[in-house]
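The chain below stands alone and is given in structure tokens; this is the form predicted alone.
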């Protein structure tokens, strides 16, 4: 069986970064910017007032000035300021020609068209042209996942159709004769389908688009017809049927669809029967049906793959350092590499990990609160409390 590292390298060998596309700003949140975004003009584009007050030449306390006009944001004063004169000005308005400072309105008294300066200290309160950025400056670098402030910066530069990596397009087939939708009441030997909800949420959080979803009974021909109806996609996910039982259809289904199987089991607990396959640029995973296996496999392989498809980055999930919470225990190590779901929180500046008390890999409710994976050290004895360990944070 492949190790988890060998499995990841195999996945990388058959995947590549997706092509760029242009999208409106309203659709660009959390997308990866593919080209540097540069300023098309100086910012501010003119000397602008930083305060509400009066634009004037150099002044002294006690001086009286005549108000000869007004400058508003979007409506400048077009004259010039001579000695002994000033113009009423508001924040963001262009500073009139020959004005050298802005006097805050709190620092004057006004009587009709005259002001008297009672205090004038500190800066000139003028935002100079280009002090934020100059024409051609990079305002958002390529390789940035666009945040709300990034989008605002693009809008300020008039970049309304940024070049970004398109979102990975995924489809999901959940298999199993026993499954019913969550809104239905199970009868006889039926159970509710939880994996469809789990996969949809995980894909959304990973920045992917779920463009097709269906449930298929454990029948090869039916499942093949359903997948044929899915729109064009980058990644096919099959929940269940990944093992070698009489009713496990995922492997023969992928082969019937023309996929090449690259591995069919890995040295992993939970998640051993994971299958990875490719068909040209399309990739596919058959995931063991238990919900905990889904959660572990997604964070170890599928989430990093989706990031790789967007960024080209080839790194495995980053490992952080934390401590096992006091009084917590994990099962003894297994012959397979075990990744145990945990709840991670920062306590006194250090991550504290609480392993979840899962009854089995089918315990979907036991995953509640999980946000980390703990690789259980493959050594003898149980993993004791307050031990320093590596872990993977699962956002």
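Numbering follows the first chain given and starts at 1. Quick caveat: nothing in here was measured; it's all calculated off a predicted structure.
Another form exists, predicted together with ligand AMP; not displayed. Remarks below refer to it.
> Of the listed stretches (261-269, 156-164, 143-151, 237-245), which one has a non-hydrogen atom within 4.5 Å of ligand AMP in the model of the complex?
Of the options given, it is 237-245.
> Of these, 101, 206, 226, 174, which has a heavy atom no more than 4.5 Å from ligand AMP in the model of the complex?
Residue within 4.5 Å of the partner: 174.
> Ok, 179, 296, 283, 306: which has a heavy atom sitting within 4.5 Å of ligand AMP in the model of the complex?
Contact residue from the list: 179.
> Residue-level contact is defined here as any heavy atom of the residue lying within 4.5 Å of ligand AMP in the model of the complex; does residue 211 satisfy this criterion?
No, residue 211 stays farther than 4.5 Å from ligand AMP in the model of the complex.
> Is residue 73 part of the interface with ligand AMP in the model of the complex - any heavy atom within 4.5 Å?
Contact with ligand AMP, no.
> Check whether residue 290 has any heavy atom within 4.5 Å of a heavy atom of ligand AMP in the model of the complex, and answer yes or no.
Yes, residue 290 is a contact residue.
> Even though the partner isn't displayed, in the model of the complex is residue 194 close enough to ligand AMP, meaning a heavy atom within 4.5 Å?
Close contact exists here: in the model of the complex, residue 194 approaches ligand AMP to within 4.5 Å, heavy atoms only.
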